[in-house]
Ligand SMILES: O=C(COP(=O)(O)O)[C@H](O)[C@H](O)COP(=O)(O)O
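Take a look at this single chain in structure tokens; it is the form predicted on its own.
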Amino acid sequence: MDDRVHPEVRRTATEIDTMEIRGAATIADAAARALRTQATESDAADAEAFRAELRAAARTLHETRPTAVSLPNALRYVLRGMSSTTVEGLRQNVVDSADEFCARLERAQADLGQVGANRLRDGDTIMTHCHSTDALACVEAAVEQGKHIEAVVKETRPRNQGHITAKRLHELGVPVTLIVDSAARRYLNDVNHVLVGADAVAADGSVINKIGTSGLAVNARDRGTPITVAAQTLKLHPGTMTGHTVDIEMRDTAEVVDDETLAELGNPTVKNPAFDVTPPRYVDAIVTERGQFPPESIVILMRELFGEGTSEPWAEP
């Protein structure tokens, strides 16, 4: 571990890695705040040392989640604001950029919720997968508009993130039916929309999200149930415009089965991918704070926001 990295940054990185901090927007917010702490607590002797320290902190954060696109997008936003030639000037650059990023993040989810709520009608029932604050923002906005919404919530093993979704929906006054993941197809005829979030959206409109999303989307298309992806623009993966692929994180097998049970089963190989890729042909719309887009058109928004590619400002020059 790099000694220049502040303990608060290391703690944040650990909590992102262990999923104590989860959800793309929450991860991005935590990363920006961690860099802010690194800047305010830095005792770097000169501007170059300060820049190197911030790059080291950003690398520590970046290495925790290879598919959480919001994380590098947050790091880019904060680091690119460093324009001063003095330590105090750079410190203020980082503080200002981090504060601005977090404020925009808070507004973005509310704006996205209003766009997504327009797709929901009074009396609709949705089906959810995993836990997405962006998807919940759509439901919350719909409820605030006076619409009655009900939900079928997949439990989403192995970490049961659906339980978090069920609790939050209950707090919003939304009647919830919790189902095992394998029962999704049975209940698709009872819902009007599948509403999910995204960890990343590729330039071709493919959606990278919690494992099981792709299978749900295929079943939804077969049943004629529209699927909406709620994703802030910070989840757009600009690297995919220049040919980069999205790594699929493999989680610890202990999340699936403990060592004792594994031995009793004859020590089979266990695979625990965190995410899968849903092709754009199975997605009806991607809802962002900038509006609603058919998946094939998301690259237009991506180019508007990021240009034709991205750099990695945390890398050593």
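Bear in mind that the values here come from a model prediction, so they are computed numbers and not experimental data. Note that residue numbering follows the sequence shown and begins at 1.
What comes next is about the form predicted together with this ligand, which is not displayed.
Here is the short version: of K210, R76, H193, R91, the single residue with a heavy atom within 4.5 Å of this ligand in the predicted bound form is K210. Contact annotation for T228: none of its heavy atoms lies within 4.5 Å of this ligand in the predicted bound form. Though the partner is left out of this view, R22 does reach within 4.5 Å of this ligand in the predicted bound form, counting heavy atoms only.
A residue is said to contact a partner when one of its heavy atoms sits within 4.5 Å of a partner heavy atom; F275 meets this definition for this ligand in the predicted bound form. This ligand in the predicted bound form comes within 4.5 Å of a heavy atom belonging to H131. Proximity to this ligand in the predicted bound form, taken as heavy atoms within 4.5 Å, picks out 197 to 205 from the listed stretches 197 to 205, 94 to 102, 172 to 180, 142 to 150.
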